[in-house]
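For reference, the chain that follows is the form predicted on its own, supplied as structure tokens.
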Amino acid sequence: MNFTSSEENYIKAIYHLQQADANVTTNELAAELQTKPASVTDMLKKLKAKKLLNYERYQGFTLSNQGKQIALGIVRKHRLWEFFLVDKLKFGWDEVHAVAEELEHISSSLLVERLDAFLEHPKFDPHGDPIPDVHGKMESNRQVNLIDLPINKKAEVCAVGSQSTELLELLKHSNISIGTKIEVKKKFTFDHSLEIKLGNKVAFTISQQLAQALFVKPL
């Protein structure tokens, strides 16, 4: 069954919202997609008619098993395209999200599997998010938030909590990317900022907000 780009955007948005909260409300979805609750209600009726949603009155809604499989397929395409754009076409990791949003709607499963094979089956996208395999299975990161990393414990940046252009631009400016070796040297109680060290470079301070957007894998 083929779906419109709009239907796929809704399915993917519901999937992402469900990661934080099992039941999704109309208002949450409207805010996520920056649209009116009335438009959301119309689309939810369509998706429910196609058996992609479970809905309980006053409880919100969740994706059905079929809906979840479709969502994972869209996420798979999006993250594979992001990997391709960064790894093969040398886009910056802060430049690929919008392009991948367009490419994720290509419906050819043969193209997606050829792309996956061409890229040698990557497990994570350029932002450290896991790429679902053809069965929707994903590897989990053994990650902690940078805020929770003990002082003087060596770690490696493995994911970012947001893909906003502003955050990725700041990380680029600070020479922080996936795979960067990082150490917390001091935690300041006044504003919860951190002094960090990248490899053997001079230590510098980052804000609590930036630290909370970084996930690391202790080494």
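Owing to the predicted nature of the structure, the values given are computational and were not obtained by experimental measurement. Residues carry their position along the shown sequence, with the first being 1. What we label the rigid core is the largest C-alpha set whose atoms superpose within 1.5 Å from one form to the other.
The next section is about a form of this same protein that is not shown, the form predicted together with the DNA.
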item: Heavy atom distance at most 4.5 Å to the DNA in the predicted complex, all of 27, 39 and 45; value: yes
item: Candidate from 152, 59, 165, 175 lying within 4.5 Å of the DNA in the predicted complex - any heavy atom; value: 59
item: 35, 180, 193, 64 - the one with a heavy atom within 4.5 Å of the DNA in the predicted complex; value: 35
item: Contact stretch among 152-160, 45-53, 165-173, 65-73 - heavy atom within 4.5 Å of the DNA in the predicted complex; value: 45-53
item: 4.5 Å heavy atom contact, residue 6 to the DNA in the predicted complex; value: yes
item: Core-aligned C-alpha movement of residue 186 between the shown form and the other one, 2 Å or more; value: yes
